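What follows is one chain in structure tokens, specifically the form predicted on its own.
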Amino acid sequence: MKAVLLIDFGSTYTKITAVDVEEERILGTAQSFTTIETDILDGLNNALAILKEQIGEVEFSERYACSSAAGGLRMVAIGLVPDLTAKAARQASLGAGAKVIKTYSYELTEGDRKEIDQIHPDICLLTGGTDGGNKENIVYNARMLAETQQDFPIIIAGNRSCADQCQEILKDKQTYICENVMPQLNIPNVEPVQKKIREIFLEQIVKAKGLSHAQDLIQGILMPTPSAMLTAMKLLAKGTPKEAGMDDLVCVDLGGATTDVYSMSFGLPSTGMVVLRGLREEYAKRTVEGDIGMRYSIHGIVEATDMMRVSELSGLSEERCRELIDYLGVHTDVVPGADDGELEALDYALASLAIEVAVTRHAGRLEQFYSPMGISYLQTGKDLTGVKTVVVTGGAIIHTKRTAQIAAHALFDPVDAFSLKPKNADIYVDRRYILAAMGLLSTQYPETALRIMKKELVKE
């Protein structure tokens, strides 16, 4: 047996997964409250004690970790036009596993500068202009950032013609010049920026968030947790030269505060009557719905839909739904018990609507217009209608018998005929919450991680 320990230092829980890479199987999983305020190792040791009760004494030959503790990797993205460079900057940040606190477009105002100081991001991404295009905007914004009081790394990834000028303006800040996130109109180039974000995370953010205490115990904090998830999904979809993947897929991670959606698909128009509008999106896409969550963002679900739909799906009166939602918004640690039918019904409704909203926002849309050839369509975002696999995870999905019914809300609904959500997809559930761990494992054992995922994911 060759045992490997995979650790996820989360904001609330430290989750661990033990794997035997020789037999390609999960030995056990455990979790404990994260102790970032005291010593990160306390929570880890508590989880290890729980794991030991399950599988006994195990000697781990390797240990790897990811982290979203202490708020995760918090970023601010700045671009020129909302639908172009600003969107490319946001796309690059999210794809690197960051939590994008705010995206700014056009020229920063004095109020924006003060807001960035208040946010105090871990990293700021400064973009703007295609190569050889607009210079004025990014140079102006560099001058505004030079006046910020807080100290944070700044990645300059805009018009290459003025990158050196921006770095000179920001000479009192810690800066990194990177390739333009959009060197040509509508053609994103996010991988170089994502690589740089991960490098800064490893070099600085781990230390700043107190995670370096764990470095002696493990080989290293390899990446932010969302990046580990994205890595796992990319592997599951594309496979390796030695092991086939599952092709294009969508994954939904439903949490207490946010709902993350991942899609592995180019999502280009599927018919000749559809024209792609705006920025072409990356094959591996991640979005974060910060207003949609099962507890901390529970009111956001209602605001994105309405109380009547919550009532219809749960079978409870609107008044009772409102009472329970207000209660859960304060008592965020409450979960339905075995005999708590009302809470179980409410959680079913909330989880269903959270997934419905999150995937609808993530997927592309069609807009009808008339051309000399008749009715045609403009596509914004990805066409995911042909995706055949939807993977779901998260506490509200794992700990329920109605997983398939909840997950079905990720699929196309004729009521919203212009949404490009998957039409006929199989549902798989990550019941043991191993996906981030498999993203970590794949950095060293890709075929093993892929085969474990294919065995562990349960088809509903």
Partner chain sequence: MEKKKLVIGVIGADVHAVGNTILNRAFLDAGFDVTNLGVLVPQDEFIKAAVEVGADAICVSSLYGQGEIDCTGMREKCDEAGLKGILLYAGGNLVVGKVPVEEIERRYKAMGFDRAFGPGTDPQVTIACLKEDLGVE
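Residue numbers count along the first chain shown, from 1. Treat the numbers as computed from the prediction; the structure is a model and nothing was measured.
Heads up, the form predicted in complex with its partner chain isn't pictured, but that's what we're talking about next.
In summary, among the residues A304, A146, M307, V81, the only one with a non-hydrogen atom within 4.5 Å of its partner chain in the model of the complex is V81. Only one of the listed residues (G133, G95, G293, P153) places a non-hydrogen atom within 4.5 angstroms of its partner chain in the model of the complex, and that residue is G133. Contact annotation: its partner chain lies within 4.5 Å of heavy atoms from the stretch 82-90 in the model of the complex, the single such stretch among 346-354, 113-121, 82-90, 329-337.
Proximity of A157 to its partner chain in the model of the complex falls outside the 4.5 Å heavy atom cutoff.
Contact between K195 and its partner chain in the model of the complex is not found at the 4.5 Å heavy atom cutoff. Shown alone here, L125 lies farther than 4.5 Å from its partner chain in the model of the complex, counting heavy atoms only. Contact annotation: K388 falls outside 4.5 Å of its partner chain in the model of the complex, judged by heavy atom distances. Site residues G129, R277 and F369 are all in contact with its partner chain in the model of the complex, judged by any heavy atom within 4.5 Å.
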